[in-house]
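Take a look at this one chain, the form predicted on its own, written out in structure tokens.
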């Protein structure tokens, strides 16, 4: 039976790897999801048979409840709230790993091996930090707590002491006396550490936080795999942990900042902090009717979506506008910045929901040089990722971040509710450029009016 189990686990691991590979491209992401789900199904079924579980009552109840919650979330959660849901899923993964590791300690009789005790501590520590850190990320994204950094006196020193304390208590548990009280102390310290680790991180850095928490959940699962001596859990956890770290590095590179700066720099605001002073400066304001005339005469258009598009849930009407423009003979493309939105790939997911063809969507590096030859750059709800201050303003938190070269286009049209700055809290000089046309209002309403005008 062990040979069959290992072969099935190997097949599941292979499916995980190919699924992860396919997830790297929007064209193959659906297939990647299907492969990974098939691998997980094989792993779960094999584990249930391998462990010779006699009573499946609790497992079936859990499947029914969990499945119902999953279906409900998939059907009701709006695309705007997708980052929050991803943050929660990361947290639940960490919590599950910590609970399984703790339950295994309670179940085992006698003193487990040192390797089991060490990985048990790591699973509880990382899993708990992931869960409570993810809850804070969820609360920030949902607006339950302020999105701006919350920094306490000697905050980072306190976090360092908490981590050291958790490791010391965990060491006593593993090397001296494996008592449940010591493991509970690790849980308490990890809870505080998880909360304090995320509250000083601003809303603009949420894509990095989410990918990092995703990595944490994978590492917690891999540690639990060692506790259970389950090879497929080790492999799947390691894959999630490694891919999450790689994605975190990609996000940091896209902002030209180190991970340490993201975690400890306390960058960002709630957004809109400088709006009152910004709106006293003159801008070129267009009505939707004026904007429609400009778009009607344009031969090449690059659309830059941002978080405001997700908030307005305007992706479908935006694609309708793009379709009308293409039918009139214009070349229309979408430009995506790696950190646009509130989670990695947020804009890609948003456009995929509106059935935007993949060959119309370009990453920043693929399209940045084309802005200078473009008639109109149409920005919908984006801010920091198009802010020229990133190039020259050395005292700005955006300085050095690669941006979309929207300001190089012949004309710039920005649909936005107000002149408020983005989550980095930096006023955007592009708003006041003479060639920039500001169209104020809710993105969905403005885009709907544009569609109406173009259909006349």
Partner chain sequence: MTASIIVSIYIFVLAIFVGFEVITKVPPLLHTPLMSGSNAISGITIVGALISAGAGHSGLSTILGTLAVICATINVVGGFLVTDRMLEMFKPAKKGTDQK
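Keep in mind it's a predicted model, so treat the numbers as computed, not measured. Residue numbers count along the first chain shown, from 1.
Quick note: we don't show the form predicted together with its partner chain, though the next part is all about it.
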Every residue of 25, 222 and 344 near its partner chain in the model of the complex, heavy atom within 4.5 Å: yes
query: Where does its partner chain sit in the model of the complex: which of 382-390, 191-199, 282-290, 81-89, heavy atoms within 4.5 Å?
result: 81-89
field: Residue among 174, 349, 139, 148 with a heavy atom within 4.5 Å of its partner chain in the model of the complex
entry: 349
- prompt: Taking its partner chain in the model of the complex as the reference, which of 315, 374, 211, 128 has a non-hydrogen atom within 4.5 Å?
  reply: 211
message: Taking its partner chain as it sits in the model of the complex, is residue 11 near enough to touch it, meaning that at least one heavy atom pair lies within 4.5 angstroms?
response: no
Contact of residue 66 with its partner chain in the model of the complex (heavy atom, 4.5 Å): yes
field: Partner proximity in the model of the complex: residue 369 to its partner chain, non-hydrogen atom cutoff 4.5 Å
entry: no
- prompt: Do residue 426 and its partner chain share at least one heavy atom pair within 4.5 Å in the model of the complex?
  reply: no
Residues of 99-113 having any heavy atom within 4.5 Å of its partner chain in the model of the complex, listed in sequence order: 99, 100, 102, 103, 106, 107
